[in-house]
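Presented as structure tokens, the chain that follows is alone, the form predicted on its own.
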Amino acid sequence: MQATTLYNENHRWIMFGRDPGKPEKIIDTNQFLITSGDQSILLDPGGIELFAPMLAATLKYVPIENITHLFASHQDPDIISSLGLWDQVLPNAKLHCPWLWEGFVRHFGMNNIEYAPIRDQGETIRVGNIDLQLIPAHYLHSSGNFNVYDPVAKILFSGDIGAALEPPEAPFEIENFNDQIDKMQLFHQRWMPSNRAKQDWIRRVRKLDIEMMVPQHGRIFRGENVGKFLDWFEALEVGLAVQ
């Protein structure tokens, strides 16, 4: 499991991914750890097959008792099927996840971790000394779905929005946006069902001050590439499978 620090001032963002031991036919995913004081949150901590390398990688940065929060943008197995194993090592943590998916996510196993349902309109949660905004992203691609925005680090965790299907040896960051389009287009056209929902999300996100957009698959968008993505996505017709 590779790791890179995205931000490190009064709090820290760390990105994990490109696990060389991942089974060949399982999609490559990015996981994120935010640490502040004696608390930390894992964003979309990953599938069950990733639990052991993710736990080992995370413990290089924080002790296990400092992992106090988990966030699942939605219900998919590549997002949170590791929940039952985290449940065994994090007896006092909270899982922040859309209210819509509680009855489904609990199938992954959840006896100790507290389910903290996120309301449809979003909310702000405090982790250590920072406030993280949970931004609605419904239907992109899940019917109950959220992003995480850190207004201090100016980082937006965008979940599946901005995702790309790439080989596990791909670099962490986009160098040429136009070269990235072919890797993103089918994913967004097929997994994003609603042009109306897409435009609602773009209106919300354009109001935020974003220096870095980090998806759950693919590469980081930094600086002007964030605006290029929003312009490209705004013009893209999605939900094409019904045609």
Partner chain sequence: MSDNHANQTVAAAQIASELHQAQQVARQLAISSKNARAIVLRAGSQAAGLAVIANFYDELANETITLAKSINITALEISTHSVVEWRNSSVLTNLKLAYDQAESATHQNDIVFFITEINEKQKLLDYRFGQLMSELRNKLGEIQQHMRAIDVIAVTSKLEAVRTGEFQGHLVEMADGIQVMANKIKEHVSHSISLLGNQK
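Keep in mind it's a predicted model, so treat the numbers as computed, not measured. Positions refer to the first chain, counted from 1.
Form predicted together with the partner chain: not shown, discussed below.
Proximity of K207 to the partner chain in the predicted complex falls outside the 4.5 Å heavy atom cutoff. G109 belongs to the set of residues with a heavy atom inside 4.5 Å of the partner chain in the predicted complex. The closest heavy atom approach of A170 to the partner chain in the predicted complex falls outside 4.5 Å. Residue contact with the partner chain in the predicted complex: M212 places no heavy atom within 4.5 Å of it.
Checked against the partner chain in the predicted complex, the candidates I181, I26, L186, I64 yield a single residue with a heavy atom inside 4.5 Å, and that residue is I64. Though the partner chain is absent from this view, in the predicted complex it lies within 4.5 Å of a heavy atom of just one residue from T124, Q88, N129, S143, which is Q88. Stretch 53 to 61 is the answer when you ask which of 192 to 200, 53 to 61, 34 to 42, 214 to 222 has residues with heavy atoms within 4.5 Å of the partner chain in the predicted complex.
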